[in-house]
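A single chain comes next, written as structure tokens; it is the form predicted alone.
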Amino acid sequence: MSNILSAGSPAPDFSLHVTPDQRLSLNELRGKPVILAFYPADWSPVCGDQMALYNEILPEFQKFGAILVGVSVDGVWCHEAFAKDRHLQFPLAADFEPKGEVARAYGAYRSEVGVCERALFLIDQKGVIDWSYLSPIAINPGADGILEALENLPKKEKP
């Protein structure tokens, strides 16, 4: 099991493809809380359930002004098909090449099988990790921990 970055750590910046011709960087999102949801694979049953849950609860995240970004080592075309099939309304970032580079920076790469861990990070408006959670890979961590972390962001940092 990995040692993910903990609260208080600066969030490593990244720039990853979210569509075939668009990239998203963490720096672009500065000023808003960012939820990074690392997950192993687009089409696995647990990942599908996890991302579908986050899609359903997305309005709750948005009440805090938070931006949700899913991250896996799948390629952008795989993400596009998965997002279309599941009607996802948030970006999926392709940590595809170099494979798992961003996941490694967050300590959320499972090198023995070449996938991301199932790890969650809440990054505050200043780019510092406010909360992180490493879930057993076969268990959907749900959204309660994310919502509690959003509730606990210092009041001055709520939008």
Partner chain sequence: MSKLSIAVNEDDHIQGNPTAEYSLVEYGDYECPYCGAAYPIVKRLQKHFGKRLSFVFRNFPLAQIHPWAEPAAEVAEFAGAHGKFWEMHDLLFENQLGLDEALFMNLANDLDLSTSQLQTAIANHTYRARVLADFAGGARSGVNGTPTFFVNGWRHNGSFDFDSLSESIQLARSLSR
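Positions refer to the first chain, counted from 1. Note that the structure is a prediction, hence the values are computed from the model and not measured.
We do not show the form predicted in complex with the partner chain, though everything after this point is about it.
**Q** Thinking of 19, 29 and 101 as one candidate spot, does the partner chain come within 4.5 Å of a heavy atom in every one of them in the predicted complex?
**A** No, none of 19, 29 and 101 comes within 4.5 Å of the partner chain in the predicted complex.
**Q** Can you tell me which of 29 to 37, 109 to 117, 48 to 56, 91 to 99 lies within 4.5 Å of the partner chain in the predicted complex, counting heavy atoms only?
**A** Answer to the contact question: 48 to 56.
**Q** Consider residue 142 of the chain shown here, and say whether it contacts the partner chain in the predicted complex, taking contact as heavy atoms within 4.5 Å.
**A** Residue 142: yes, in contact with the partner chain in the predicted complex.
**Q** Looking in the predicted complex, any heavy atom of residue 147 within 4.5 Å of the partner chain?
**A** The answer is yes: residue 147 has a heavy atom within 4.5 Å of the partner chain.
**Q** Given a 4.5 Å distance limit between heavy atoms, list every residue of 70 to 105 close to the partner chain in the predicted complex, or none if there are none.
**A** 86, 87, 89, in sequence order.
**Q** Do the C-alpha atoms of residue 57 and residue 48 sit closer or farther apart in the predicted complex than they do here, given a shift of 3 Å or more?
**A** Between the C-alphas of residue 48 and residue 57, the gap narrows in the predicted complex (3 Å or more compared with this form).
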